[in-house]
Each structure stands twice: as structure tokens, then as C-alpha cells.
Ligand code: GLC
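In the block that follows, a single chain appears as C-alpha cells, in the form predicted on its own.
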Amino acid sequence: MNKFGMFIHWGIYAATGLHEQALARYDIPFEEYDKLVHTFNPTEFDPEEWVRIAKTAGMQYICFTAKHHDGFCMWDTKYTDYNVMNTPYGKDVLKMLSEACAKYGMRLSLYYSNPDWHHENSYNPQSTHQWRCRYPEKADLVKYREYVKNQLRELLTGYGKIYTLFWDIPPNILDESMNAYVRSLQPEILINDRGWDKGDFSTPERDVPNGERFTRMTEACQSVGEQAWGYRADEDYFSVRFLTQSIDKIMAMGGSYLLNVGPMPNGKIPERARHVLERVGDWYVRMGGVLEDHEPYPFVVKLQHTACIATVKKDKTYLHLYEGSISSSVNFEIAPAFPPKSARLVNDGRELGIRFGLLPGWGGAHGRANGPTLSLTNIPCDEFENEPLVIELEW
């Protein structure tokens, strides 16, 4: 897996300018929320523009919210009238996006919410995010699962090859037939762990675990916005430094990274969000693919005062200094027995110095310098203070 992707949260909730869960978090009356269906008209929606933005940032796939918790469907489904075809826009936006992805060679993934606040049979007391279900007294999860399967058949047979299925909110009910049905429709699909069984991969959300290599296929997800995943007019944005550090660490650990934006009601990605994507993408593209398809470095590496994860790709070692460097050199506390032939800063391609000798600051109790010590020198730590550093070593 180990890829960089764009998450897109978009639905009628964008028209609130509040949050993708605005119906619940702001306690909006159902009759008021339903009026959004009659006003949703994203005339500036250009799926090819979305795909071009993602490709420019080095992303290889897009995960789109086909249905979020409000139950509104962003494709032409025949199993509910609560869908995009019954808005003033009246077009299958998922179909348009799938065609744009196919045109530009972009993988397409689909998000599908298990909670559905609109469907009369969806209430599940064993799960979370249930408090705005309209008809808790009509709970019937057997009927609801049939509804879900019917919609999955539409999604997985009408929109080309689907890369991953992102279930959201675990139902806390084991039903392996659900994922089996998904695989019967798309045999090569990868399924996350928020559905009806453990699936194929884990999905830490807004969290960067410790620096150990993932033992299971993992896709971390984060949004450019600190408060919301869908469009929020008054959003607070994460720094480029925070996001690039998170991406570097997760991907150096062997995971994929899904970075989210929430398009506006008119279909455009907010300018601030687009600017963040451009800056993150500039760094990612300069990495030249070294964050993908690598193996863990088989030997122990430890740097003095510097967080580091070491990987191997095509016989070269990569040191991921995901928090940057505190000085113009990094010194190895634990290192290979011999120095590398060359060291290169991937961020801009410049050659770094290699020093193997005594350092006066590394003195023992006897007052003599410890060593010899392997160091990489001439690191331009202040020139790249807003992004992690990646160093390539050739032996």
C-alpha cells in the first residue's frame, strides 16, 4: 500500500459552512437540514481540477465520501431519494470524479459511513455516532445491511476499479459476509478496519503513533483543517511543518497517508487548503519516491538528540529526520561499523559531509574524547526548518 492520497469530504453539509457533522454537533432541526438538498448546486465543481491538484502534490489516489453520517448520497442511487440527483445540480458527482480519475490515471477509493441518520432502519445501539438517527424505534440492522449491500453493489460495479473501501464508524457487530460481498464485486480491493470485521488495514486518525515499523498494513488519515473534515468557513489550518513531519514519519514506518480537504458548496477547494496542499506537495515531490515502497533498515541506527527512522530502497539507506535537525550535523550514537561512501540531502539534492573521528564534546569521565564518531555534516537545518529532512546514504 504505502502511498500518498487525497481524502475528500464533500456533501450537502458543506452548505452549512460548519462541519461535516453539523446536523448533530450544532443540533440543526431535520426539517431545516433537509432544505439543503433543494439549494445544493455546485456549478463550479470541476473533478479534473481536483485530480490535477492531487497529482501535482504527488498523490496517487483519491478517497471520496460517497455517503457520510447524514445519509445523503453523492451518487445516482436508486435505493433512496436522498441523493445528489434530486438537488438543483442533478448530476452524479461520483461518476464525474471516477471519469476524471480514469482519465489521469488516479486510483479511486470510496468512503461509506455505517451510521446513517436518515435511513429508518439504521439505528445501532452497539455503535457510536447514533444520537441523530431519526427513527431509533425502527431499528432493524438486518434490513439496513441489505440496504448497505444494495448500495455497495451500485458503488462497486458502476464506477470502475475501486482501490480501497473506507468504512467509517465500526458497528461493533461481526458480520464477515459484508466484506466478503465487497470482495465478490471487487476482488483486488483493500478494506479498512472500521467495518464489519478487521478488514485488511488499520486507520489511525489524527494520530501519529510511535516510530516503530507498522506490523499491519496501515493508512493514517489527517485533514488540513484542525477542526473539521468537511468545509468549515472559519477553519483553523495545520502548519505545513506539522503535516510534512506527520507524513514523513507515518510513511517511513511503512504506512500510507491520506490527507483531507473539504470542498466548498460551489465545488471548489478552499484557497487556503489548496495552498497547504501545494506546499506539502512541493516537499513530497522533492522526495522523489523515497517514502514509498521501501523496507526497514535491518541494523540499529540511533542519532544523538535527533529523532530518526531508517529505511532501505534500491540498496540505499534513507534517514528520515522527521522532526528536522537541531544543528548542521547529526552524530551517530549507534551506527554501522564503517562510514558511507556518500551522503545526500534528498530535500534539495546537495551532498553532505561525512566525518569519522573524535568529537571533543563527547568526553568520558576520564576527560578524553570518546570515539571515533560517525557524523554527517553541512546540513542546512535552517533552510528547511518547515519540513522534515531525509538523508540518502550510499555504502
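Keep in mind the model is a prediction, meaning the values are calculated, not measured. So that there is no doubt, residue numbering starts at 1 and follows the sequence shown.
There is another form of this protein, the form predicted in complex with ligand GLC, and it is not shown here; the text below is about that form.
For the options M264, M85, V208, I169, the one in contact with ligand GLC in the predicted complex, meaning a heavy atom within 4.5 Å, is I169. Listed residues M253, C133, C221, C101 were compared with ligand GLC in the predicted complex; C221 is the one with a heavy atom within 4.5 Å. Contact with ligand GLC, judged by heavy atoms within 4.5 Å in the predicted complex, is confined among 26-34, 344-352, 45-53, 66-74 to 66-74. In the predicted complex, T373 stays away from ligand GLC, with no heavy atom inside 4.5 Å. Taking the partner from elsewhere, Y284 is found to have every heavy atom lying beyond 4.5 Å of ligand GLC in the predicted complex. For F4, no non-hydrogen atom is located within 4.5 Å of ligand GLC in the predicted complex, even though that partner is not displayed. In the predicted complex, at least one heavy atom of Q21 sits within 4.5 Å of a heavy atom of ligand GLC. With contact defined as any non-hydrogen atom lying within 4.5 angstroms of ligand GLC in the predicted complex, Y111 is the only contacting residue in 111-125.
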